[in-house]
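Quick setup: one chain, the form predicted on its own, written in structure tokens, and binding and motion questions come after.
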Amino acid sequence: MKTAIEAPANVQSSRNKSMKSTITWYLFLLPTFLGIACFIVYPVFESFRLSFYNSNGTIETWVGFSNYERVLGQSAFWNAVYNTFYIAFFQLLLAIPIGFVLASMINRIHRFKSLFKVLFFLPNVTSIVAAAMIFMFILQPEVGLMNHILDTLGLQTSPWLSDPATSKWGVILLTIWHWIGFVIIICLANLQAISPELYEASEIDGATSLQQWFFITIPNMKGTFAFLLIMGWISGLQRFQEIFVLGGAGGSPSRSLQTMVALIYERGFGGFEFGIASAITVLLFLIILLFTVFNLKLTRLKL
């Protein structure tokens, strides 16, 4: 009888301890929830609300979908969309294959592997603003290092950031240099996770190193390529800092570098058209959302 009475008391005590533990963890998470609510959720809803107003920061007037109609009817918006996708597309097209090849080479060597990892990853931890300022000197048409190398090799030099026809490629070179270390590290992590038994079995069957790379390594890297593709598109569509340093909010020369985020900055903080800037922000959010869903379906990556 005594045991029957004590058992429910123990269960109740265990429940109380579990409840206190749960409340304690929620208290620890509370600052994070508040931070997300104040700095992410509220700005998103406020931006969505402002997109339906004509606002200069102090006076607001309801205009409905007029801001969206104005934005979608402006060539500046479509020019910014084109620049954003152009730079992001060629960055991914070049950085992922080159990064994967370099990661494969580093993975095959036995000495100085850590040294090469550090050397290639250093650009990724460098401030993109500082990197952009350095690239302004490297890509300088007359005394820049890039044209000096091209001239030494007997190749045609380029005006780079001074000409609208070549300015985007100057930015693409910068973004590849800055991002490729991240690609290499992610690829290396997956390369080292591939079972050695697969390579041993293929060696017994007489497969060469190149055949192993094509028929074992690359098929096992599909998940990594999908991850890099999605992350690259999301960061590429939000590109701003290097563009602002190299071409200002207007994306000089001749708006050839102006991205969607730079256009938001120009219209919001340059022209005090917060309604227009908010409408572009909502459109950018929808583009990123749709593009991410499309990439997830295309690559069949499960989050």
Partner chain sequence: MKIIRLPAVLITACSLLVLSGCLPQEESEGEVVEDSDLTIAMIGGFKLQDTTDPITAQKSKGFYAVKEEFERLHPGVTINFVIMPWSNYVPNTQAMIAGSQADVYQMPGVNDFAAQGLLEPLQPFIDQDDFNLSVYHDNLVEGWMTFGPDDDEIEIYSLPVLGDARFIQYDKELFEQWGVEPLSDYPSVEEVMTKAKQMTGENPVTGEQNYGIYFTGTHDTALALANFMEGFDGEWGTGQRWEDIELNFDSMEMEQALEAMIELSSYMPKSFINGQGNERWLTSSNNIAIAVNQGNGNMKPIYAQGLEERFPVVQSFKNNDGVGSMFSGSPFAIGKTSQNKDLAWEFIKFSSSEYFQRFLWEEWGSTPVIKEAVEWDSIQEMELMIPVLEAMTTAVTPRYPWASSQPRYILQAKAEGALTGTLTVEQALKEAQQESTEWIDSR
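Positions refer to the first chain, counted from 1. The structure presented is a predicted model; accordingly, all values stated were derived computationally and were not measured.
There is another form of the same protein, the form predicted together with its partner chain; it is not shown, and what comes next is about it.
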item: Non-hydrogen atom contact Gly275 with its partner chain in the model of the complex at 4.5 angstroms; value: no
item: Contact flag, Asn56 vs its partner chain in the model of the complex, heavy atom cut 4.5 Å; value: yes
item: Distance check, Gly223 to its partner chain in the model of the complex, heavy atom within 4.5 Å; value: no
item: Interface membership of Ser162, its partner chain in the model of the complex, 4.5 Å heavy atom rule; value: yes
item: Proximity to its partner chain in the model of the complex (heavy atom, within 4.5 Å), stretch among 231 to 239, 22 to 30, 254 to 262, 35 to 43; value: 254 to 262
item: Of Gln140, Ser202, Ser104, Asn124, the one that lies within 4.5 Å of its partner chain in the model of the complex (heavy atoms); value: Gln140
item: In the model of the complex, residues of 264 to 300 near its partner chain [heavy atom within 4.5 Å]; value: Tyr265, Glu266, Arg267, Phe269, Gly270, Gly271, Phe272, Glu273
